[in-house]
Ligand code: NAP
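This document starts with one chain, in the form predicted alone, laid out as structure tokens.
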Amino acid sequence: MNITVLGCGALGQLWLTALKNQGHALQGWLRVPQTHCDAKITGIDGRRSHITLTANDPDFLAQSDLLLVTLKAWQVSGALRALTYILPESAPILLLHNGMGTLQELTALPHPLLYGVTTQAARRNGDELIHIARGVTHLGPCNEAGRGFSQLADTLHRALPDVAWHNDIHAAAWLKLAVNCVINPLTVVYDCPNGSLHNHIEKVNKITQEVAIVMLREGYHTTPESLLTYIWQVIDNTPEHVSSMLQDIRLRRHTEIDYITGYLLQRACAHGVDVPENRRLYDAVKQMENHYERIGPDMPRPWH
């Protein structure tokens, strides 16, 4: 396959390397145009790889069989608006990002749309990435045109297992959102790795209870108890991990809070549900984010 990976951060480089090793033709696409991109990765098995690929080639994009999007949620719609006039309308677009809400921004696209959630994890060590956790990637269709691409799960599974196809991906997306609503903003507020949330059990419980109520109103069967059990499993499996939102705050970057807790607040409002704990978390993160974006020289920049 000819595959363009839009966004060459940690997750993007994982997929670039894995798919290249399977013999696919690849290119990266970066916000600042350049002719090549590098991926330096140390795998879970300790093996190191360094590949250099073509980047930002419109001719390659026009012949791509898949556009794999590994951007931050707030970057997605702007980036795709700048590129989808080149991408063949028959080529699927697979979104792999935290949070929800981007699909509502992309309803005008004629392309097959797929959405994925993943627990693959990597951390940066200088200019190199360390693949620290082998996880599961769930993907499925977001529009009618996307329903015919279940075979894509097999292709991706061969490159970076495990990958599973779901005819209804929204349940998996909501479960990932629930985890993110608890872990990401709380680790920001307490400036701590995931495992330290054991020092804030009451807060974790209250936030989870609110999320469970909204999920039920959305039509997804859960209970606060079962959701809480799952969230603690994630925390206990990643005790030293620093959440992506806390990394963004520490580096004074724009966060995905609007697509995580912000999306939850939107759906809670639509159902007339009061979620004060999540509202306080959202306001706290936005206050931090707005402070350094207001006084700093680096604003979130658009894709061209």
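Start at 1 with the first residue shown and count on from there. This structure is a prediction, so every number in the text was calculated from the model and none was measured.
Here the subject shifts to the form predicted in complex with the ligand, a form of this protein not shown in this document.
Practice task
Could you confirm whether Thr70 comes within 4.5 Å of the ligand in the predicted bound form, counting heavy atoms only?
Solution key: Judged by the heavy-atom cut-off of 4.5 Å, Thr70 is in contact with the ligand in the predicted bound form.
Practice task
Indicate whether Cys8 is a 4.5 Å heavy atom neighbour of the ligand in the predicted bound form.
Solution key: Yes, contact at 4.5 Å.
Exercise for the section: Indicate whether the ligand has at least one heavy atom within 4.5 Å of a heavy atom of His138 in the predicted bound form. Expected result: No.
Exercise for the section: Classify Asp258 as contacting or not contacting the ligand in the predicted bound form by the rule of any non-hydrogen atom within 4.5 angstroms, answering yes or no. Expected result: Result no; Asp258 lies far from the ligand in the predicted bound form.
Handout entry: in the predicted bound form, the one of Thr84, Asn98, Thr102, Thr208 near the ligand [non-hydrogen atom within 4.5 angstroms]
Key = Looking at Thr84, Asn98, Thr102, Thr208 one by one, just Asn98 meets the 4.5 Å heavy-atom criterion.
Practice task
Have a look at Ala173, Ala122, Val163, Leu227 for me and say which one sits with a heavy atom within 4.5 Å of the ligand in the predicted bound form.
Solution key: Spelling it out, the residue with a heavy atom inside the cut-off is Ala122.
Handout entry: Candidate stretches 59 to 67, 268 to 276, 44 to 52, 30 to 38 - the one whose heavy atoms come within 4.5 Å of the ligand in the predicted bound form
Key = Result for this chain: 30 to 38.
Problem - Non-hydrogen atom within 4.5 Å of the ligand in the predicted bound form for each of Thr17, Asn21 and Leu94 - result: No residue of the spot touches the ligand in the predicted bound form.
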